[in-house]
Each structure stands twice: as structure tokens, then as C-alpha cells.
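The chain below stands alone and is given as C-alpha cells, in the form predicted alone.
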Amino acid sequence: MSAGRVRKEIDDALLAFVDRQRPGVLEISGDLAPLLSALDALLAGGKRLRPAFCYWGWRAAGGEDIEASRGIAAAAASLELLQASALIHDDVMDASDTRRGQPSVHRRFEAAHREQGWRGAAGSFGEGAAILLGDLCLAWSAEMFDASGLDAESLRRGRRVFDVMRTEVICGQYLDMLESARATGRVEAALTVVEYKSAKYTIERPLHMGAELAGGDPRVVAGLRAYGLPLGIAFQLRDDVLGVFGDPAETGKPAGDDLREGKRTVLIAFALERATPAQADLIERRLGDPGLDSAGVDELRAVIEETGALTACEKLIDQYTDQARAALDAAPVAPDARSALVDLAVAATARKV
């Protein structure tokens, strides 16, 4: 089964679910149409990594091909609605202007408020609308999972992981906010955020959920989790590097946007640990400045490189990626699943700046 075919089945299941929900929402009021349009725009993009890892966790544990068991496509695709919820809320908390190359949801509704000349603060309206759409996506993710068509026992096994995953990502998001507020600059604290906000949620738990849905042998489940967690950490570390040094055409966000948002990533923690007093002062003064221009971005990038933080982060990506590959080599998974998981590991970590 090709990656393109898996992607199409997941996309079809996701869009079919949203289309089934559409009439009920619009029956409440036609004024809700912009919410659905914003969701449609957001769901049109994305790599579908979480559903893909869920599906291949299913296959690795003995689950049927996606064309023989359409239920797994819907169950896996429900993770994309969970991801939409997380992205929408994350953009509000980070005051991000863009997502996937277009205005973030709260900016979209803020602009609509201004264009219509409505009363009140446009920014507050935009944030409120985004929070509600994120909540709706969270609710729909559970509804789509439960209505996937898989048997009750499979859903019971998978739902345990699904519930833990939702708890972990919310806790990870809070820890991210806390670290930004405390500004400890510690690599250990930043790595804890990476583990719970991203690594488990992006790769380990989707694999775990897929394997549990298939009723996988505990040895398979353990092997997949041992592969998924370090790969998830490597994935997020790569994302952090791209957030500072990445091409906007690939990231979908302006160059250096993570610096304007003041994200306390592992990359920044490495820089602060290794910085001279003057370099540390510059980082603390410029990091989180929403008006940071291209010259300011270049200045911060130079400090990050001069301190050796970029090199240290790249080495850590390699270490975690090697750990993941070794775990996959030792895991008792089906050959076709192993091959797909190797490819996904490359897709998750080999993105270039």
C-alpha cells in the first residue's frame, strides 16, 4: 500500500465526516458557515503524519489493509481533527498570524469583524471564534473516532490511548506556556515540553493507538513506542530549527516567526546555556519581540550559530533518530509496516532548512 493511497483514504474519511456534520451545523444558523469555511481551509493543508503513524501502527500489529478495513481510515483521520484543535488554540496562545501559508483562524475572524464594522474589539472576537472552533474540532475528533465503524472491543482498546494522548498534549501545552513565562532557559525543561506537547502526541501515541486498535501483541506495542518517542523528539527538534532557519515556503510561516513569538525551544535553551553575557542579553532582549525585523532575525540567528546551539541541536536530532531506528530494527513488526515506518522517519526528521 503506497503512502499516497493511505493519504487519500485518510483525506476521504476526514472530509466525508466534516461534510456529514455540515448540514446539522448550518441548520442551527447560516451564520455558522464561516466557521466551517475556516475549518475547510485549515484541513486542506497538513502532512497527515498522525493518521499515517496510526495506520502503520495498526498494520504493524496485524491490522488489515486500509482498503479491507475502512474503519481504520476514519479512526486514524480523527487525529487530524485533534491536530486542528491543537493548532487553532496554539495560534491563539502564541498570537501567530499565519498557519499553513494562510491567516491563522483567529486572524481570519478578526479581519471579518473589522470588514463588517461590528461592535467590540476585533481581536477579542477573533480569539473567541478560534477557541470555539478549536473546541468543536476537539469534540468532533472523539465523535469521529467513536463512529469510525471499528468493532466495540477495538474502539475500547484504542480509546484508552486516545484519552491519554489528549491529556498529554494539553498538559504539554501548559508546560510550554509555563516555560515561556519562567524563562529558565534550561535544556531539560525544554525537552520535557517537547516530549509531552509534541513527541508523544505526534508519533508515539498515534502508533500506540493504531497497534491497540488492532489488538497487537504487547511486544509489538512496546517496540513501536520505543521507536515512536525518540522519533517524535527528533521531529519536534527539527521543527524548532525550521522555525528559526526554515524557508517560509516549506514552513508556511514567515522567516524567524518562532523568534517573534518568543518560543523557548531546545534550540534557544542551548544558545542561552552557551552564550556569553552579551549574547544572552541580546537573546533576552530580542526574543519575543513581535516587531522583530529581518535584520533582528539575522542577528539572533547569528548568535544561535555562534554559540554552537544549532550544531548541538542537529547532533541531538541525529542521536534521537538513530535511537528510533535501532528500536524499529528490534521491533517484531510486519515487513511492509517496517518499510513504511522507515520512510516516515525520514519524512519527519530529514526536512531541510
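Here the structure is a predicted model, which means the values were calculated and not measured. From 1 onward, residues are counted along the sequence shown.
Keep in mind the form predicted together with another copy of the chain is missing from the figure; the text below concerns it.
The contact residue chosen from Ala275, Met93, Val220, Leu242 relative to another copy of the chain in the predicted bound form is Met93, the criterion being a non-hydrogen atom within 4.5 angstroms. The single contact residue among Ala255, Leu191, Leu136, Ala226, judged by any heavy atom lying within 4.5 Å of another copy of the chain in the predicted bound form, is Leu136. Here the chain stands alone, but in the predicted bound form its contact with another copy of the chain, taken as any heavy atom within 4.5 Å, falls in 107-115 among 107-115, 208-216, 231-239, 69-77.
Each of Ile131, Met177 and Arg264 is positioned with at least one heavy atom within 4.5 Å of another copy of the chain in the predicted bound form. Interface membership of Asp146, defined by any non-hydrogen atom within 4.5 Å of another copy of the chain in the predicted bound form, is confirmed.
By the criterion of a heavy atom within 4.5 Å, Val25 is counted among the residues contacting another copy of the chain in the predicted bound form. Using a 4.5 angstroms threshold between heavy atoms, Gln102 stays clear of another copy of the chain in the predicted bound form.
A residue is said to contact a partner when one of its heavy atoms sits within 4.5 Å of a partner heavy atom; Glu127 meets this definition for another copy of the chain in the predicted bound form. Contacts between 165-202 and another copy of the chain, taken as any heavy atom within 4.5 Å in the predicted bound form, involve Arg166, Thr167, Glu168, Ile170, Cys171, Gln173, Tyr174, Leu175, Met177, Leu178, Ser180, Ala181, Arg182, Ala183, Thr192, Tyr196.
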